[in-house]
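Shown next as structure tokens: one chain only, the form predicted alone.
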């Protein structure tokens, strides 16, 4: 890592400790909040440090999807059949580097975790939204938020909707409901959240175990001694140096999904004591082509006029494939019968053309390439089958009624947004591991700064970050408490 790492402090050099606790949690987003609640519930003395003036972190920006399954109360109430085994098959299939123990635990415990979340004091609405959208238009409790119905995954695991949304309307901020309930639960448990206070260095003993942190607030500094330290400090999308090094594609777009403190500090703290890093080059990047869902019936082509992805894929999967194309250029092509302008246009409407030949020429594609692609696509759509990319018949429709329109989905043209997905290597219980897989005693990690189930844009499903952050945060808190 080229970014400067925090200096490691030796315990023998610390003259005095301002606090001594069993478990110290760095960050109070979904992962840190859940870790702190679970650690305190299991009898540990817990202190939470939060650099911001309020709890929430990037979780506060989220719409509120939790990726859960295996037969949750919402799935059962809405007649959506699912099992832990099918969920495990699916997550394994979409993972670039599956960690079987984590996937198995996450799926087997998914119903219990769903129940635990509701025990905080809210209920997911027992309703299902069947449409194709980035997020439910109202407060429906369940929808498809990944590639469960997309080939080849639909043949590898029985599709089931697993995107559980908190009962708050809107595209952003819904997850604040859970943060507020976590903060209340921590208060009930007697756990202090020390705001505007951040960890700056890890403290290690002579054997290399993490035994505390150096901290800094607006006016004070000091050291906190802890039997276990849980890093839940977010990702690194707001750190230009780390973004340039690991995920340069994120530097080319106009909008980042993160908060001020997503600067990679937690990852750098772990790296300072030898932690391994995983998936650091994999961003979540997306510029959704839907809603309106009718646009999914069109075809997405690259600068050579060629299709390269099933257009009914989850939006970040489609975007991930766009980034792989020559110059990361792509266009969505639809005819008049399937044309509808997005209410919030993240992809740019370019123009309309009376003929495909004119469109092909104006977009700078090789002569005859787009014409051939449109002809082939329309032949497939007429039969309801797509042997090239196996797009679902539900979204296949001939684009043969002129004029034709194009939307620019190219990186740098469409309004892409994204966040980082890589982080510290961890065990199933959140223990931070070295590059060789050895445990670093006393150090745990969860959330956006830890590498778990969310690994890349092509395999992502909405709700994975909140789902895994809360679940593995709980496991880290529990394990840390029991290890004291």
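Residue numbers count along the first chain shown, from 1. Predicted model, so just to flag it, every value in this text is computed and none were measured.
One more form of this protein, predicted together with a small molecule, exists but is not displayed; see below.
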(request) Using a 4.5 Å heavy atom cut-off, indicate which stretch of 50-58, 437-445, 424-432, 36-44 touches the small molecule in the model of the complex. (result) 50-58
(request) Indicate whether residue 386 is a 4.5 Å heavy atom neighbour of the small molecule in the model of the complex. (result) no
(message) Quick check on residue 416: any heavy atom within 4.5 Å of the small molecule in the model of the complex?
(response) no
(request) Find out whether any non-hydrogen atom of residue 261 is located within 4.5 angstroms of the small molecule in the model of the complex, and reply yes or no. (result) yes
(message) If we define contact as a non-hydrogen atom of the residue within 4.5 angstroms of the partner, is residue 367 a contact of the small molecule in the model of the complex?
(response) no
(request) Identify whether the small molecule in the model of the complex is within 4.5 Å of every residue in the set 69, 127 and 452, based on non-hydrogen atoms. (result) no
(message) Can you work out which of 197, 272, 95, 378 has a heavy atom no more than 4.5 Å from the small molecule in the model of the complex?
(response) 197
(request) Identify, from the list 330, 142, 229, 232, the residue with a heavy atom within 4.5 Å of the small molecule in the model of the complex. (result) 232
